[in-house]
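There is one chain below, alone, in structure tokens, taken in the form predicted alone.
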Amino acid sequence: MTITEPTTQARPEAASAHPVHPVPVIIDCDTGVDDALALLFAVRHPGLDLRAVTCVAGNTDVDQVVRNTLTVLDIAGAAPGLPVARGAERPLIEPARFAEHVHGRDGMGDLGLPAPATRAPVDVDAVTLLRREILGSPRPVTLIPTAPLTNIALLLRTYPEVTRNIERIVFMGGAVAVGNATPVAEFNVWHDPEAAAILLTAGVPITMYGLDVFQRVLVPPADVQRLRASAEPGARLAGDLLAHRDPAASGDPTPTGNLGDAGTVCAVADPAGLTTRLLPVEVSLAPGPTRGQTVVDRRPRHGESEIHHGAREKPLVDVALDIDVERYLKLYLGTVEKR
């Protein structure tokens, strides 16, 4: 997935052909609208082996996140035994700050979805489930956090031995250019900056799927309309969720929808659609207007700060800088509509 020059295209050999052995993945989410889109895709893509889902407060409170997650897995047709666990109900330091203005009061666009039919969360917490599923996997696991990183930080601090069986962490969070929670900070990182800073010390390969690519994968109106008219419940849910993603088009029967978090899972299923650079990244933890910013160093050489004060070691992260929008649209729609 990594490249060394920003103008180089992603590796052609990592095409969207399904691997012989599906990639074992665990999603950590705050289901919300676009987390739900991500779950629909993860359940239905044959190249992904979804082993568990863990829930954390973010878009809405953690108990609502659990309910939303179980309902989406029902509609998606996930395996009955897929474990789901409740995680942190607030960030490490900050109070919880929800995004109802984006995701609705229930986190799911206030679509009036039913309660989960038969699913229930497992009787262990999210960190315990993460440890169990990571260490119990016969192949290294790819973690896909699409939420504030509180659960992941607690896991890394409580059970650091899990890193020996983590292939990569591909997280939705951060921004190189412009934020959304603040002018410079993206919501997931801003919600729990200390947790994001801990993630960067994990000692495993990390890919940052930030706002720079997140905001570009827009589903055309005709596709949204087709999904909403589908007789298949999962495809229809995807259409209704995508319609909600464009508040400016409220009342429009065919709005454009943003894949959002689902693009992160697409990048795991088909990494060749993402162009990244291995760059130093750190999280601003200071109070004030930059708190929660992911500071990505794209300079070709050190500057005066390093010359006068010495270079500080910073984690290297595969930062997503470009994306093949049409490739991921085709991948997502083809996967979700296949049933």
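Residue numbers here begin at 1 and follow the sequence given. Nothing here was measured: the structure is a model prediction, and the numbers come from that model.
FYI, the form predicted in complex with a small molecule isn't displayed, but the following is about it.
- Comment: the small molecule is not present in this chain, but in the predicted complex one of Ala243, Val268, Val141, Leu211 has a heavy atom within 4.5 Å of it, namely Leu211.
- In the predicted complex, the small molecule sits within 4.5 Å of a heavy atom of Thr146.
- Using a 4.5 angstroms limit between non-hydrogen atoms, Met172 touches the small molecule in the predicted complex.
- In the predicted complex, no heavy atom of Asn151 sits within 4.5 Å of the small molecule.
- Contact annotation: Asp261 falls within 4.5 Å of the small molecule in the predicted complex, judged by heavy atom distances.
- Heavy atoms within 4.5 Å of the small molecule in the predicted complex are found in exactly one of 182 to 190, 223 to 231, 157 to 165, 108 to 116, that being 182 to 190.
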